[in-house]
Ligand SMILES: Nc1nc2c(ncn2[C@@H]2O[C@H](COP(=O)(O)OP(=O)(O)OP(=O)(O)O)[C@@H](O)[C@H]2O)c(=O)[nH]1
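Given as structure tokens, the chain that follows is alone and in the form predicted on its own.
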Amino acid sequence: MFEKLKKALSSLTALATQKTLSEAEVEKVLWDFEMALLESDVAEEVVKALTSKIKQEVTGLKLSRSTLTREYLKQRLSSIIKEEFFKAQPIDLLRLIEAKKTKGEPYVAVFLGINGTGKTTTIAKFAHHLKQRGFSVILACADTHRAGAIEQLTTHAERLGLKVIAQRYGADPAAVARDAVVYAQKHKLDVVLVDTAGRMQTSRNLMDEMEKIVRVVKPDLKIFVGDALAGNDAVSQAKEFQRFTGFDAAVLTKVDADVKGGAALSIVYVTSKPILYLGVGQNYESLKPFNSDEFVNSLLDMQ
């Protein structure tokens, strides 16, 4: 996965060979680098920010004879990416859930994003992940618009042996989410996972609906679910949902099929929110915790 992005980063370090890096050489390398990043679906604003930072860091740099330029650039590039893209503190979800559990209160997570990103399947994976770690979970189908949404979440709940709260199609999504929280409180359940509608992100009605759910339920965590294959569309979706809902973290799906990899860098940069997990397959076990150090090291072949 992420082969194009790896190639783009590799091209930057491979082309720089001189001990003193002139502005002309840096400009040439960065031009090729910018093109490679854009082809990897990295958002233009992110490309500009990254290349500007790199140019500032390395132009006119004088290295000692014992320093390998390529290896030095790898190290600097790694540091720059980590500093610029992974400023947000990672979220220890299991610890937060445990903290609420000790207070006798359910931990509430609302999942946001447009249809087709794998949001409902991601919720099922989360439920499985938490159940495997000893937490009791209830699902809430607050997507009362998409045909088949209730049946899809209910099927997952049955396979996982979980309770699901749902009403009729057209019901108030905020009321459904609230019912699930009340049920969890009454039955001493640990976690409420709320599925929401995902019509086009430009729909003002959808955003109003998301805001209402957040106001009514007051979730502990708002998670944006983005499709790695959507490229710059995923970035624009993330910005829109961030503007209206102020989500706390992201999950990137279909990463196993993504050969470009730009969405991961772009979403983190434009929202300043951490990525919690990566969806790397179709089964319930294919939810991988995201580690920024491992991610960057993998891109630069530094592991």
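Quantities reported herein were computed from a predicted structural model and do not represent experimental measurements. For every residue, the number given is its place in the sequence shown, counted from 1.
FYI, the form predicted in complex with this ligand isn't displayed, but the following is about it.
J.: Of 160 to 168, 176 to 184, 119 to 127, 216 to 224, which is the one stretch near this ligand in the predicted bound form, taking non-hydrogen atoms within 4.5 angstroms as near?
T.: After filtering at 4.5 Å, what remains is 119 to 127.
J.: Can you work out whether Thr154 and this ligand are in contact in the predicted bound form, taking contact to mean some heavy atom pair no more than 4.5 Å apart?
T.: Judged by the heavy-atom cut-off of 4.5 Å, Thr154 is well away from this ligand in the predicted bound form.
J.: How about Val108: is it within 4.5 Å of this ligand in the predicted bound form, going by heavy atoms?
T.: The answer is no: Val108 has no heavy atom within 4.5 Å of this ligand.
J.: Flag Thr253 as yes or no: does it have a non-hydrogen atom within 4.5 angstroms of any non-hydrogen atom of this ligand in the predicted bound form?
T.: Yes, contact at 4.5 Å.
J.: In the predicted bound form, does Arg146 come within 4.5 Å of this ligand, counting heavy atoms only?
T.: Within the cut-off, so yes.
J.: By the heavy atom within 4.5 Å rule, which residue out of Ile97, Ile114, Val192, Leu206 makes contact with this ligand in the predicted bound form?
T.: Residue within 4.5 Å of the partner: Ile114.
J.: Does any residue in 274 to 292 get within 4.5 Å of this ligand in the predicted bound form, counting heavy atoms only, and if so which ones?
T.: Read in sequence order, the residues that approach this ligand (within 4.5 Å, in the predicted bound form) are Gly279, Val280, Gly281, Gln282.
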